[in-house]
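The data below hold one chain only, encoded as structure tokens and taken in the form predicted alone.
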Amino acid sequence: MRGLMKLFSAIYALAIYGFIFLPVVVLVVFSLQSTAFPIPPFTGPSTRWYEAVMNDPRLTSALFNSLAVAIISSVVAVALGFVSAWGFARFVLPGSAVMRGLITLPLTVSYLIIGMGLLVIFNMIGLPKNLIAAGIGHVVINLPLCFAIIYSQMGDHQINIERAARDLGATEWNVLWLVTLPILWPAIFASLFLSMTFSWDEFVISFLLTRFDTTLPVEIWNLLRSGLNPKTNAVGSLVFAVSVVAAIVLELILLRRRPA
């Protein structure tokens, strides 16, 4: 009976991982297809389409646009999320529970609704569709996540450490910079990493708030409108590779910080 359960567990695990990773495997395999049609039979391997991606100015520009928007918007979202979490955790504010709920409310709202609302607001104030508008939209969707992660890590033990630092003569700025931030750096780093990941892959808000200077997901969508294109497989594989490398780097950093 125990052997049957182990066999069933192994089959179940293989089915789950196959369901998750099979599309990625197919994407990577056919990105190495040498012919112009990403369909069986496989005729490779070839780096033809990766070279085509690197020589395509629209795709390379969209790639750098995505990196710029992801990095800048994530830094802003983490900074605002930290300040908000620190204020709610360290000060007694009237209606703080309601305000915390309002900050995290965008987590439950569709990106399509948020993007349409931002589009209306930007049209009212005269802000054109560009990467700045898309970056503001990414801050809006990532700020609640950063706030929730950082606020959840602000416990009472940190209050005692901060109080001890003040008793020893540290100013409020020194307490924040030398005590609070180092204690919360894992939560801050996790917020930054998740924000960059979500911003890197985000499509709906970028599609609604950009026009000429687009991000990589929007440019991939433009390629798919013309039908099957081997370059889309190569671009998708590059995006997946960036995400994998970022996850490995994060894990290595966490392993170095973990006590032996």
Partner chain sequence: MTEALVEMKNISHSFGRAGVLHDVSLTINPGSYTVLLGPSGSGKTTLLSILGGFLVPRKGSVLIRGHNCTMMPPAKRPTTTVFQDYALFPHMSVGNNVGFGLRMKGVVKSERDRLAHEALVIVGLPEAFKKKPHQLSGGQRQRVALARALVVKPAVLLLDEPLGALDLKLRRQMQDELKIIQKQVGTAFVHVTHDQEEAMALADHCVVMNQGRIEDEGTPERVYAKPATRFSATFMGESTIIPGEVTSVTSTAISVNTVFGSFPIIATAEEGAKVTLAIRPEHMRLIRDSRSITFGSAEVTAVVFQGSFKRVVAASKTLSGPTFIAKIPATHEVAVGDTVTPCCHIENLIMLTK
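Not measured: the values here are computed from a predicted model. Positions refer to the first chain, counted from 1.
The form predicted together with the partner chain is left out here; the points below concern that form.
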task: Although the partner chain is absent from this view, report whether residue 160 comes within 4.5 Å of it in the predicted bound form, heavy atoms only.
output: yes
query: So, in the predicted bound form, is residue 90 in contact with the partner chain at a 4.5 angstroms heavy atom limit?
result: no
message: Please determine whether residue 152 contacts the partner chain in the predicted bound form, using a 4.5 Å cut-off between heavy atoms.
response: no
query: Given that the partner is absent here, does residue 79 sit within 4.5 Å of the partner chain in the predicted bound form, heavy atoms only?
result: no
- request: Could you tell me which stretch in 124-132, 111-119, 173-181, 93-101 has residues with non-hydrogen atoms within 4.5 Å of the partner chain in the predicted bound form?
  value: 173-181
- line: The listed residue (165, 145, 190, 140) that reaches within 4.5 Å of the partner chain in the predicted bound form by any heavy atom is 165
